[in-house]
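One chain follows as structure tokens, the form predicted on its own.
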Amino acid sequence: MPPAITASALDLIGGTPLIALDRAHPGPGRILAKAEFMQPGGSVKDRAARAILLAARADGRLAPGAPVVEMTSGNMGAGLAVACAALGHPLVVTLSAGNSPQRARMLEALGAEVVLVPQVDGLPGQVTGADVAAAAEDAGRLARERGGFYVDQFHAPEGVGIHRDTTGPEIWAQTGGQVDAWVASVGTGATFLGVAAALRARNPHVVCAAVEPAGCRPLAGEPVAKPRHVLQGTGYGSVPPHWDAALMDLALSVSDDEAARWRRLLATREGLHVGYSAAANVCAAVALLASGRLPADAVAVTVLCDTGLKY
């Protein structure tokens, strides 16, 4: 195949641009953001979805044509739908009913079978850890009943590995090694941990800041006072299974109102319509640059996790 032709949607994953947010944040310092919303599935989760499925096919956990089953808040499901379409696997996803209805419609449009799971203690638009656990339990059951491969993204090592091997090195190359801080929200923790590991391997002085919803900060060592928040896909109220505290220098909190404000600012000042976790990442990066912990000309890199079209 000629080099200018891409073989499939799988080959569109990764290699995203790094964009300067100088209009939304003129200083101090500079914020650069990885445009992960430009992936074919619309989010950073495309990387992990492809990596997990290719690894499972390679070692025999996923047989040709066998179903793939996963719990999702929407983004991993979309990434898996893209990968499953390209690889020839049916996809079944369980989704908490509290997630935005646009997510279910998007997943169905991509060919996935969507099973909505009633919320345990959350509200529409505010999915809690208990809601996620209920959806995960249903996903595991469906995988057993249908003889499918259960992705189990929270425990899949490929998630951290793909960000260590691709996203982090991409950021390092795109900045010419000029990275003072890495800021990212935590759901499974794969993006934060993988990129942090890659950057620390190249410069052990990079400050790595995890982002948590206000009132739901287990990484900061605080009891969960507000399990319901708008940062869908993050802040589940518990420490992720593969968490490595040595890669986190500090945890920053962002309120629902702050995330909504920065989501609007990114749209009106940068022309970037992104989700709440992406807006929270930028908000936290601004706070870090203003804290005095970094030099006045510091470069903070973060990630625009997904498009705002699914909210």
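Owing to the predicted nature of the structure, the values given are computational and were not obtained by experimental measurement. Counting begins at 1, following the sequence as shown.
The same protein also has a form predicted in complex with a small molecule, omitted here; what follows describes it.
Though the partner is left out of this view, Pro213 does not reach within 4.5 Å of the small molecule in the predicted bound form, counting heavy atoms only.
Although the partner is absent here, Thr128 sits far enough away that none of its heavy atoms falls within 4.5 Å of the small molecule in the predicted bound form.
When the small molecule is considered in the predicted bound form, Ser277 lines it closely, a heavy atom lying within 4.5 Å. Contact check for Lys34: no non-hydrogen atom falls within 4.5 Å of the small molecule in the predicted bound form.
This chain is displayed alone, yet in the predicted bound form one of Val186, Val179, Ala112, Ala104 has a heavy atom within 4.5 Å of the small molecule; that residue is Val186. Of the stretches 86-94, 221-229, 71-79, 139-147, only 71-79 has residues with a heavy atom within 4.5 Å of the small molecule in the predicted bound form.
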